[in-house]
Ligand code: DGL
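Only one chain is shown below, in structure tokens, and it's the form predicted alone.
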Amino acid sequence: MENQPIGIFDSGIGGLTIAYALKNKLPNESFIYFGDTKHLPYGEKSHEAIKNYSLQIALFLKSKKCKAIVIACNSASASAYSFIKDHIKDIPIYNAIDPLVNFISCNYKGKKLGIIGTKATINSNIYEDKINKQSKGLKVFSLETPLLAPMIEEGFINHEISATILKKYLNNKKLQNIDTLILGCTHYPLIKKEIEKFYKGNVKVLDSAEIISDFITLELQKSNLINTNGERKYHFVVSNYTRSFEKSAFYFFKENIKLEEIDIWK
């Protein structure tokens, strides 16, 4: 079973940050990545819609004999993680939220944390609820930043448009006087340097992709699911072909790129 691929999914390119981090930590692993570009962004969708999209993708990845599934999307993790686990019980399912919460509870005491994310993630209050249960005394301040994921999907990174939008969001009074910022969307590590530039070193910006990939690597090791034979393959599936996804996949992986369009809802 350890030779089977890891399934990863997101609404678009954001989850590629996790896939890339896992690739660097687990160089022998094969991946099947599903980008639901037909329905992005998930952050603007209803709770029920996200659950239904996510379950269908997870079942698709299971049908491809994936040994584990990574929900590389905070909106889907918030809305659909438990729902997917209720329907798929025979392989590990990992989400993008619990690793961050565990990391924070172990490393941050008496801090003022800011969280930025999609409407679906922030409105769920999942970060605040989980952090407050594990870490008493932490102050958590959340802000919806719905324009960031579409901006990143369109390639506006290190651009005057991204600088303007980030300035508007990060100057919000909810994020004043924080000392740590949680990137509550897997798209956001792609603009981490821009965010750090805005804060001029005064705020610690957590790289969610690295934290999540560290957690998943340890869990796979515990379950004896690490591939050691080096016969890796990367397969990228999208529900609707976009040039930006193809460019991003090549940017991260550069080799063995196979991009396939499959509408699993037909």
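Note that residue numbering begins at 1 and tracks the sequence as displayed. On a predicted model such as this, the values are computed, not experimentally measured, just so you know.
Keep in mind the form predicted in complex with ligand DGL is missing from the figure; the text below concerns it.
Counting only heavy atoms and a 4.5 Å cutoff, which of 136-144, 81-89, 115-123, 172-180 contacts ligand DGL in the model of the complex? Selected range: 115-123.
If we define contact as a non-hydrogen atom of the residue within 4.5 angstroms of the partner, is Leu40 a contact of ligand DGL in the model of the complex? Residue-level check for Leu40: yes, a contact with ligand DGL.
With the partner left out here, which residues of 195-226 have a non-hydrogen atom within 4.5 Å of ligand DGL in the model of the complex? The stretch 195-226, when checked against ligand DGL in the model of the complex, contributes no residue at the 4.5 Å heavy-atom cut-off.
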